[in-house]
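Given next, in structure tokens, is a single chain: the form predicted on its own.
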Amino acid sequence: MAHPAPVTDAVRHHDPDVRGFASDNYAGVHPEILAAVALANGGHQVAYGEDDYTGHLQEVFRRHFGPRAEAFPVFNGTGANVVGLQSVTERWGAVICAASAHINVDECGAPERVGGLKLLTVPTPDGKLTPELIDREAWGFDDEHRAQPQVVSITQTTELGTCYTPEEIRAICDHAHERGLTVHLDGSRIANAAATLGVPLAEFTTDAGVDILSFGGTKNGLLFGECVVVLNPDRVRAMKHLRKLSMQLASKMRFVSVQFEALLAGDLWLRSAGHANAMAQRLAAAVRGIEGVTVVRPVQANAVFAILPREVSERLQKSYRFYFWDEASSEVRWMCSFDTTEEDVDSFAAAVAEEMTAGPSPS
């Protein structure tokens, strides 16, 4: 049966040539992902995850994470974190995390207000927890006056752009498990970490002892959707009920699942993340040569953190979107994505150099 070419009454409301360095969430959808969504369209499929695409997705994830892995697609990263953490805690449970963790800083209190969890935060110099830092909050077990530490949550890569090695994650998991704690990994940029480390995904997750993770897709070219991936079913309970209770069960789940198949069945996940990382390295190298600009953190994935005069940043923001990371120090964050081009990077670096030599703005 022939179908007419699709038409739409929608109109384009943006300039597709405009790029920025504010967030990898600003990027569009990878063409291969859009093709996958179109492939899954047409006809009827069973709703709420009983479709053929979600069924096949389990095999795709098991190739990367091992035979016990089970994937639960959800709408977004906050939903993945809240549902995943709920599945490994009791009502009186607490989660140990870095003070800079997304679950603490950027989720509007959702883990605590929606998930009913207590976050026990630990300041870190680089966004990374260690066994010693975990022990600052891993105490008071069986004390009815204290929320009970039950989970350690780490982010890979971290909110400060740093990357745990497999050995560092293994040490955290061994230490946590010795104390009866479960390990959750927030992997909103997990593909960028794998590209940096040059190892399979399982090496710093399943094989290192991680019990459950949030697998990010949106920051790596998906239209929408993340996955909660259960790696150790012995520590997880009631995932399917918690997903529905938390309003993260998609009725037309095939359109989430097929995106992850397109991402993970081949090497799209690694190509896209590796490119974003390479563009961040290019940007860091370019701005390091500009007097007055200081790259202040290691560039280990697709983020560049820098300090330059505030008025220069404010002038640049009129042409390029990016955010201040630390208002007090005027530290900014520049993010690269799968569709950042060498020309984008070079043009932005040239704009930084030009503004640095422009002098103070007229009063």
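When you see a residue number, it is the position in the sequence shown, counting from 1. Note that the structure is predicted; figures quoted are calculated from it, not measured.
Unshown form predicted in complex with a further copy of the same chain; subsequent notes refer to it.
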The unique member of K244, R288, R179, R136 whose heavy atoms fall within 4.5 Å of a further copy of the same chain in the model of the complex: K244
4.5 angstroms heavy atom contact with a further copy of the same chain in the model of the complex for G216: no
4.5 Å heavy atom contact, N41 and a further copy of the same chain in the model of the complex: yes
Contact of R235 with a further copy of the same chain in the model of the complex (heavy atom, 4.5 Å): no
Contact label in the model of the complex: T162 to a further copy of the same chain, heavy atom within 4.5 Å: no
One stretch from 99 to 107, 272 to 280, 201 to 209, 166 to 174 that, in the model of the complex, holds residues within 4.5 Å of a further copy of the same chain by heavy atom: 99 to 107
In the model of the complex: members of 78 to 111 within 4.5 Å of a further copy of the same chain, any heavy atom: T78, G79, V82, Q86, T89, E90, R91, W92, G93, I103, N104, V105, D106, E107, C108, G109, A110
